[in-house]
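Only one chain is included here, represented as C-alpha cells and corresponding to the form predicted on its own.
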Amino acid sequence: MDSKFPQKGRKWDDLQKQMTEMSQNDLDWQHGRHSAFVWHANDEVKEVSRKAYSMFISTNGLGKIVFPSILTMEQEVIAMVLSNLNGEGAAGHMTSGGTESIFLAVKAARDWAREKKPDITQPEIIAPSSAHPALNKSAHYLGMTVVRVPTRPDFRADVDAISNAINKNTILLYASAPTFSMGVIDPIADLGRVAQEKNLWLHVDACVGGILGPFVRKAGYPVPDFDFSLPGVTSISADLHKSGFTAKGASTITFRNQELQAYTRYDFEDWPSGLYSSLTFTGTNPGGAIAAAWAVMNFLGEEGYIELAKISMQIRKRLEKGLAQIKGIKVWGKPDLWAVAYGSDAYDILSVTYKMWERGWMVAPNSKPPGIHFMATPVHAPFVDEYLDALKESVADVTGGNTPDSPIEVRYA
C-alpha cells in the first residue's frame, strides 16, 4: 500500500473506479446480508438523505449563529422527536450518534449530582447487565463507576436487584428501550418510580427504538411505555441514523426540561477568542447530517414512518415463524420491537454463526446467552426466506442433520 501523499491529483472517474473495487468485500447490506450497522428504508429515502446532506455538506453545526438554517432544522428535528416521546416542556439537541448521546446524559447526571448531591465524591451508575457498552465507555472517560446487575430470566432489567444495589454513591439508573442484544424493553415505569423515590437520574437508552418505536405503537402493536410520560424518566437518547433511517452522524439527546439539558454544557473562556460554549462533546458537527435528518423526517412524515414500522414488524413475525420450523431453535425472551435474539440448548449456536458467515450472512453473535441477534429493517423484507434457508443449512452442517424434535411454534425462553 502506497501511503505517500500523491504529488499530483487524479481524475474522479479513476478514483471512483478504485473506490468501487475497494468496496467489493464490504458488507452486502443491499441484499439483507446483515443484522446491524446499516439502516436502509428504501432508495427514495436514501436519495433524499444524500441530496440534503450534499446541499449542506460544508456547513458546521457548531456555528449555528452563522448557519441559522441549521439551527432551525435542528430545532424542528428535536420538536418532532419530542412530540413522539410525550416531551411537552422537554428540551434536547442533536449529537453525532448514540455513544455521544449516552455520554452527554452521563455527563449531565454527574454535573447535576455535583450540584444537588455535593457529598458524593465517587459517583456510581446502576445498570442491568444488558446495558450498551457505551455506558461504561462514558463512565470511564468521566471518572465514574458502573455497577451492572443481572437481568431477570426474561432478559429485562431486574428492578429489585437494581434497587438493592443503590448506595450512597449512586446518582444514575439506566434502562434500555430496547436492549441492543436481546430486543426487549426494560420495565422503565418501575425504574422511574425507584428513581423518583431515591432522587436519582434515570436515563433511557432508546438509541435503537426511540424514533420508530412510537410509530410501531401507532401501527397497532403493543409497545411498553418508555418516554417522558413516565414519572422519573430524566433523559432519553434516540438515534436518528438508526430507526429514523437518516444519514449516519445523527442522534438526539433529550431531557425532561431545559434546566437538566443545561448540565451538558461546557464553557471555557480563558483563551484569546473569548467564550467557547457547547452542549455537545464534539466541536465541529456536520450540518449535512442535521439537514439530512430534517429532510428525511419531513419526506416520510407520520404515514411513512408507520409504514416502515409495519414492514419491520412483519419481517420480525416472518422470521419468528421460520425459526419455529428449525428444530432446536428458540427465541430468547419476548421481543417488543423488530429485533430478535435466538439460540439453542441442543447444539453449538456459535458454530452455526460461523457457517452463516461462510454463506455470506453477517450474523451478529450474542454471548450471554449464546445466540444470534437479528435487527429487522425494511431492506430485509425480500430476503427473509433466503436467510432462513441459509440458517437451516448451517444448522444441518453443525449437527449432521440430526437435530432434536421441537414444537412447531415460537418458543420463548
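Note that the structure is predicted; figures quoted are calculated from it, not measured. We number the residues from 1 along the sequence you see.
Heads up, the form predicted together with a small molecule isn't pictured, but that's what we're talking about next.
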property	result
Proximity to the small molecule in the predicted complex, single hit among 241, 316, 110, 93 (heavy atom within 4.5 Å)	241
Residue among 128, 343, 98, 214 with a heavy atom within 4.5 Å of the small molecule in the predicted complex	98
Among 305 to 313, 199 to 207, 162 to 170, 331 to 339, the region lying within 4.5 Å of the small molecule in the predicted complex by heavy atom distance	199 to 207
Non-hydrogen atom contact residue 296 with the small molecule in the predicted complex at 4.5 angstroms	no
Residue 178: touches the small molecule in the predicted complex, heavy atom cutoff 4.5 angstroms	yes
Residue contact check: residue 132 to the small molecule in the predicted complex, 4.5 Å heavy atom	yes
The small molecule contact in the predicted complex: residue 290, any heavy atom under 4.5 Å	no
